[in-house]
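Only one chain is included here, represented as structure tokens and corresponding to the form predicted on its own.
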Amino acid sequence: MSATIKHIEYFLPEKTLSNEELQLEFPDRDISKMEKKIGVFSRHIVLENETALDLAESVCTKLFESYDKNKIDFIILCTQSPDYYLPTSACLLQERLELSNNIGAFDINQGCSGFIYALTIAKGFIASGVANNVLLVMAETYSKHINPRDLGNRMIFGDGASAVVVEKTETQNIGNFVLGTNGAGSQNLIVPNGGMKCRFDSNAETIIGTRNEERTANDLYMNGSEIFYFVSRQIPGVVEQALAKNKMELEEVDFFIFHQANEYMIKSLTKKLKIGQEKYYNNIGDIGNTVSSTIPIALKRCIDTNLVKKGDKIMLCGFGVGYSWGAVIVEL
């Protein structure tokens, strides 16, 4: 049994946060300089009472306007901002969408490589006969993890959700995967408090960073320089491994979609790989880094604007928190 990506949708919260608004909050910082490097000028942010599950429901409702929801026989929901520790958001989503009780549903916690991992599972389930039509949902509200006085992370991240249907097909349109993990880098992108090891601390002390950003151990911490070093060191080799595993040369790939971390990182990575500007996507200016949704959102936008077309071979590559990474070549 073979698998293909059949349908993609994405959903963004109504509320936006522009760099002009951030400049008013941080009058002593030169946000225009940061904007030029990061490449983000606006992002969508959930309201206080909105959650990742709400975004997941909204994007699936949008998808079902053009796809028969009764065909879905498995849900995989990727999020690092779940509504509850338990039950899983996927089970709650099944009820909200009024899907059949005869389907499987579970969450994965995987961050920026989450879509690649979810796609791996979906292909495996179809190949083994577990499911025929798998609904992959990526939904994140990283804004809830970020300290209001942490300008750097507020500049980078935006909230959003995406939904992708992976269907059984006669032709194999999803190639061979390369996956990897290096937990030694886990401390460089982490929310220290809130789990069972270190519970949320209402009296957590304020930590001042090297650029005067503020956070506590309850908030998201990202060591940007270490993350950049990890991507520069690790991901070019991952691309080469994915090419080899799919018996392809770099020139045979029609288009590349990397995790949309920020503009500087994508440009540096593609320059190192010698990928021409016309062959990769880099446009997160109006949405920011939406974590596990960046690749499906980018793919949807590329399809809608005819940057990619039916029959194209596209490399998808995600990387980040964990550290974890994954790459695959798909054919539209």
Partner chain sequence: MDKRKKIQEIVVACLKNFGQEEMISDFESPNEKTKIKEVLDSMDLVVLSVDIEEQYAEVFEKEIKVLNEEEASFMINFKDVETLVEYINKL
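Predicted, not measured: the structure shown is a model, and the values here were computed from it. Residue numbers count along the first chain shown, from 1.
Omitted here: the form predicted in complex with the partner chain. The next part is about that form.
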Of 265-273, 43-51, 64-72, 303-311, the segment with heavy atoms within 4.5 Å of the partner chain in the predicted complex is residues 265-273
*Is every one of Arg211, Ser225 and Phe228 in contact with the partner chain in the predicted complex, taking contact as a heavy atom within 4.5 Å?*
yes
Checking Asn182, Thr169, Gln241, Ser232 against the partner chain in the predicted complex, the residue with a non-hydrogen atom inside 4.5 angstroms turns out to be Ser232
Q.
Please determine whether Lys279 contacts the partner chain in the predicted complex, using a 4.5 Å cut-off between heavy atoms.
A. no
Checked 4-39 against the partner chain in the predicted complex; residues with a heavy atom within 4.5 Å, sequence order, are Lys37
